[in-house]
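Next comes just one chain, in structure tokens: the form predicted on its own.
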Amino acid sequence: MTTTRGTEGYPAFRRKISNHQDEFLREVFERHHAVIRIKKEAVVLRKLQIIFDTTLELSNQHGFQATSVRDLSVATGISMGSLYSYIESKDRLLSMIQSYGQVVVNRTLRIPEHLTVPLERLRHLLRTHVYITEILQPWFYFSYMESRHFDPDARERAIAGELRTERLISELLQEGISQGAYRVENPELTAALIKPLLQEWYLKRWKYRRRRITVDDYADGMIAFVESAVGGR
């Protein structure tokens, strides 16, 4: 992979993620199987998608604390009784939504084994992160904006997810340093400085839309900027 988007870019990535959507939801179902009273998988996956999408939409408009299960029932057209058959409680709903995002991110950020050159591996991680935040923008925005209101366990899960990305970047930088590909004195600090560049896309997309910057434009520019900063070659 080069610093440019190649022949595929974001549209191909989006199609690939769409093809795996049921797999992501299935893993969430399996994680929370004990509290979901509906056992027909196809029904559960379809309903969970509706519930998650609607919860994120309502929460990003009004706040998760201000959004009630009754609000969710009205917005989805799913009765209160049926909703509780899937989510058990509002706290469980939050845990399930966090699980969903974590499953998608963890799976998509895996670096293919055929990428062995440090520069290619870092490019893959950065580009994939931008792409997945474009697809899951409501989830990433929700996790960032609402985490301060979460209970301690949920807040810790949100923090752990953010730190995991920094750790992955730091590990790739250290890998590149050991192979003479990067000139970085403090990989952990550099990774922490790169993270806001990733967050910028999903927190302030409106700014780039005004400038007619596409997701691929942003990924290209951000990767070039990072490589210039770390001395990638």
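For the two forms, the rigid core is made up of the largest set of C-alpha atoms that agree within 1.5 Å on superposition. From a predicted model like this one, the values you see are computed outputs, not experimental measurements. Sequential numbering from 1, following the sequence displayed.
The form predicted in complex with a further copy of the same chain exists for this protein as well; it is not shown, and the discussion that follows is about that form.
- Here is the short version: of Thr165, Gln174, Gln49, Gln199, the single residue with a heavy atom within 4.5 Å of a further copy of the same chain in the model of the complex is Gln199.
- Site annotation in the model of the complex: the residue of Ala181, Leu45, Ile36, Leu203 reaching within 4.5 Å of a further copy of the same chain with a heavy atom is Leu203.
- Contact check for Tyr84: every heavy atom lies farther than 4.5 Å from a further copy of the same chain in the model of the complex.
- Taking the partner from elsewhere, Ala66 is found to have a heavy atom lying within 4.5 Å of a further copy of the same chain in the model of the complex.
- Not displayed here, a further copy of the same chain is approached by Tyr141 to within 4.5 Å at the level of heavy atoms in the model of the complex.
- The shortest heavy atom separation between Arg110 and a further copy of the same chain in the model of the complex exceeds 4.5 Å.
- Contacts between 59 to 80 and a further copy of the same chain, taken as any heavy atom within 4.5 Å in the model of the complex, involve Ser59, Asn60, Gln61, His62, Gly63, Gln65, Ala66.
- Core-superposed comparison between the shown form and the other one: the Cα of Arg92 travels less than 2 Å.
- Positional change of Ser147 between the shown form and the other one reaches 2 Å or more at the C-alpha, relative to the superposed core.
- Relative to the superposed rigid core, the position of the CA of Gln199 differs between the shown form and the other one by less than 2 Å.
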